[in-house]
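As a starting point, one isolated chain is supplied in structure tokens, in the form predicted alone.
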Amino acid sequence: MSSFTERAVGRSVARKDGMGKATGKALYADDLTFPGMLYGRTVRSTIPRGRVRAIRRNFDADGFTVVDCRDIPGKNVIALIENDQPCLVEHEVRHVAEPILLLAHADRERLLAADVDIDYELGTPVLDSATSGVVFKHIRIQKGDVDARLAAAERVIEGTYRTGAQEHVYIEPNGVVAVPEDGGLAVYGSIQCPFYVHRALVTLLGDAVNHVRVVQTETGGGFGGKEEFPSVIAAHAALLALKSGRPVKIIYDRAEDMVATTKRHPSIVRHRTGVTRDGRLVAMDVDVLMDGGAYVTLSPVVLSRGAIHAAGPYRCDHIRIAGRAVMTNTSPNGAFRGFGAPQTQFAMEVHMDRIAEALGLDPVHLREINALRPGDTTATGQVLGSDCSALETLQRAVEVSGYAEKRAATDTGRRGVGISLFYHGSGFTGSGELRLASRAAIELTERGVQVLTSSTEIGQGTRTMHAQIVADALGVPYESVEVAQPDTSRVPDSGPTVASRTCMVVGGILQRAATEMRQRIGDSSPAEYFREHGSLRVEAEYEQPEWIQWDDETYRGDAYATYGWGCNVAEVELDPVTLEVRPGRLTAVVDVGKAIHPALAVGQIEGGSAQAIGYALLEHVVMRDGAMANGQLTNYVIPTTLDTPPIDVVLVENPYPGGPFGAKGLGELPMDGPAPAIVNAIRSLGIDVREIPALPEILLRASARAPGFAIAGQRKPTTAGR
């Protein structure tokens, strides 16, 4: 082995994908063309519930490829957790924009102009999750004797909290190209989880092809929205390619992407919390309701993570959490950064400020006395290790932000400050990682070494971070490490690029593979060994720590190998006339275990925080008759640079021994804290907001209930003489 000693981990090295994206050499799905390629289109339902009676094609069919459910050679399902979602409607329609018919043509203008009428037998839709009688998943977490402790509590504080749907708004809409090849089919696309798509296509196509290959192209963002949905668009392109015998490209425009694809699950979370007069939490009773939309998709695991995080990062010996994900006749909801935890931690953190207010306590003091410490147990009974950083991140955030001084100087009715404390489990829940049995490999090349995983680069820095880990574990320069394009015919299945697992779990597998390779090549450099012996490939598989114990039936045990921790302090300014809330500054203190690439870690925190600011204040999905009524960026408002405040990021490195170089998961954690911190800052102004997005009309209703609060230009009603 060479005497190379400069380490890559902990340095902000040049991104592996940076030059290609900066120069335009990186190819996205819509950049790809193939000889004889057709363009594809999906014809969708226009009603939320009913049955298809007739389909009329009012166009000249010359040159068109037309596919309906009868053309599916395998099973008419989008394979995921449950096989309940059809690829194409057979008879029953369960949501607006459900796929019914597929068209392809070489002329895109003719394709878009093709007129199709669908005659329906209308049904009565269920559009309110609170009235749904169809439960996709029910979860119950029980610790201690909640009823007895609530009955004996000195105070019981109750509250109901609501979060709305949220659109992903990745910079690149969904897009794929399906290409027939050698009796099989290749799909190239904007994809977050290639092996999810592979499994769905194998199920759909059956014996009609002799192989399926899925290749991820450069992908302009995902945020969970390209976890499960690409299986749908890939299925449509594949069916058209199979019938036509020609490559077929389907690229959504923004309007179709917003109306037809998954959203963050709306939620209603109810809390009953027993406390002592000095602020100790003695019992929590939490009910979580999530709207899954028309089909199951990933609702069970979104609900699972949401329920596990619903008690927040707080010590309490008596906890009951009941969670339900239910069906409504709306487009299916699915994965979104945070995966259920932003909804439930919003409720917990806003509830904590209401507890502090009810007891006359400072919100920071309430959190200090209840924050989890090493050795404490979570709602599932997991004993926390030495890398539990709840108290440290809280205290650092208070100090760095000047929270105490700013709260003391709060200008009631104008400028406020709020705080939130949060955590996020790294990796799949419980035994999930063991069931995945993820694998990753490295192989020697003429130039050095290549990383082989199915983990995808979607802007977060996967290629760069994995290359850093391999470089240091192998003891070679970072520049000599390449990262292969994810192609299911070539890379091992490393599991999906989700759940804050790509660095900690897959990076850990790569670290072990690189360590083994270092032992096998001895004193030779990778290039020297390759010249003398040829290529060498080392593959490793996930190994679950022996101490992890989890029961999927009772939801008891070690839910995650470890947790990331964070604290946000948000400063806001309220316009007393319009009731518009403008964030002034956000302080984010985050324990990442080890920042493999500090600049990328800060970027993840800044980006996730900006996304969460939109969730808190701006991003309102308007539903009308089961469909998104504002499916365009003219009136679905996301934060721009003008709406994003300065974000002060402080990285805390409290290493997790089981992560590569001590690293924990990071990608989802920044989504959990800003929304409740902002709403708590609004609370400091005297307005009791319990739902997001906190639009001016929400504040108007809340301010009407706030004693002493008056909108500029209006007089507060008086109760004198009553």
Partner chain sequence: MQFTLNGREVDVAAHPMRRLLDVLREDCELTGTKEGCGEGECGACTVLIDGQAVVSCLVPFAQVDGRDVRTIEGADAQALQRAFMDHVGAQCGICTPGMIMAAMSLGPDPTRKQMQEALAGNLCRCTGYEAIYRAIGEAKRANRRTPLGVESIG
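Numbering follows the first chain given and starts at 1. None of these values were measured; they are calculated from a predicted model.
There is another form of this protein, the form predicted together with its partner chain, and it is not shown here; the text below is about that form.
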According to a 4.5 angstroms non-hydrogen atom cut-off, is P86 in contact with its partner chain in the model of the complex? no
When the contact criterion is heavy atoms within 4.5 Å, does Q604 count as touching its partner chain in the model of the complex? yes
Residue contact check: P646 to its partner chain in the model of the complex, 4.5 Å heavy atom: yes
Using heavy atoms and a 4.5 Å limit, would one call A616 a contact residue for its partner chain in the model of the complex? no
If contact means any heavy atom within 4.5 Å, which of 284-292, 455-463, 565-573, 320-328 contacts its partner chain in the model of the complex? 455-463
Looking at P639, P492, G381, G626, which has any heavy atom no more than 4.5 Å from its partner chain in the model of the complex? P639
Which residue, P125, G164, P496, G221, has a heavy atom that falls within 4.5 Å of its partner chain in the model of the complex? G221
